[in-house]
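The chain that follows stands alone, in the form predicted alone, written as structure tokens.
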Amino acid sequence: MSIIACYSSKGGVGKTSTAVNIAYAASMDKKRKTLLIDLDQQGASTFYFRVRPPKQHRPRLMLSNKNKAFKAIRETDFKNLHILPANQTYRNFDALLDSMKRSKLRLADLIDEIGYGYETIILDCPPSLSLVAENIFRAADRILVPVVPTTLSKRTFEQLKDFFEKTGYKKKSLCPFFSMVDKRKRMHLETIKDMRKSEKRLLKTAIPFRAQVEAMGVHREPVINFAPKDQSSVAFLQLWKEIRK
């Protein structure tokens, strides 16, 4: 079982679109049984897969009772791809974790309990550097970090690296990649060139800025499925292949 988190403390960088498409690509690859865990209170991944969370789905029940977590898992419209939906009560996730024993390991414990039988688990993470994030850092084998090639997004990634350095988390788990790339913009081209020289962890695949990715909200499905020949779909598939290696 491999655990891949899609994480950034900065919103609007393509984190959820990556999680949704990577999960779909994984499930298509040799029929891997894949579980997407939506940890973001906004529930965008849950929305994209046309899933409604159970009424009694609460983070305390999920973390303290594995049977409740099992029952909350839903099938998507796609074979081999399941989802553990998000809930608006996730806004209190940090406070809940802080009140529990093993507060930085609860998510890893949950995944160990419900992950049996899945080859790949994808985490769609909330955009915050919090106790939830620290749970994610401990649970994930690899952390995909989308970086829009701009000054602020680059700075956000540098801050994340500094946090890992200070807290002792494994920087080797960080897998940054360029997201929402617009080659018509000079800043994007210059930032890509600069970071390629200085950041060895950068993945080769870059996800282009495409209207079809934004259209996922209308189609409510992965762009790879409804527009398989689009540049973004080709890039997401290539990103999955790079991660898989």
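Note that the structure is a prediction, hence the values are computed from the model and not measured. Just count from 1 along the sequence shown to find any residue number.
Omitted here: the form predicted in complex with a small molecule. The next part is about that form.
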Check: Of these, 28-36, 211-219, 183-191, 196-204, which stretch puts a heavy atom within 4.5 angstroms of the small molecule in the model of the complex?
Finding: 211-219
Checklist line | Contact test in the model of the complex: residue 49 vs the small molecule, heavy atoms, 4.5 Å | finding: no
Notebook entry, point to check: Would residue 13 sit within 4.5 Å of the small molecule in the model of the complex, counting heavy atoms only?
Noted result: yes
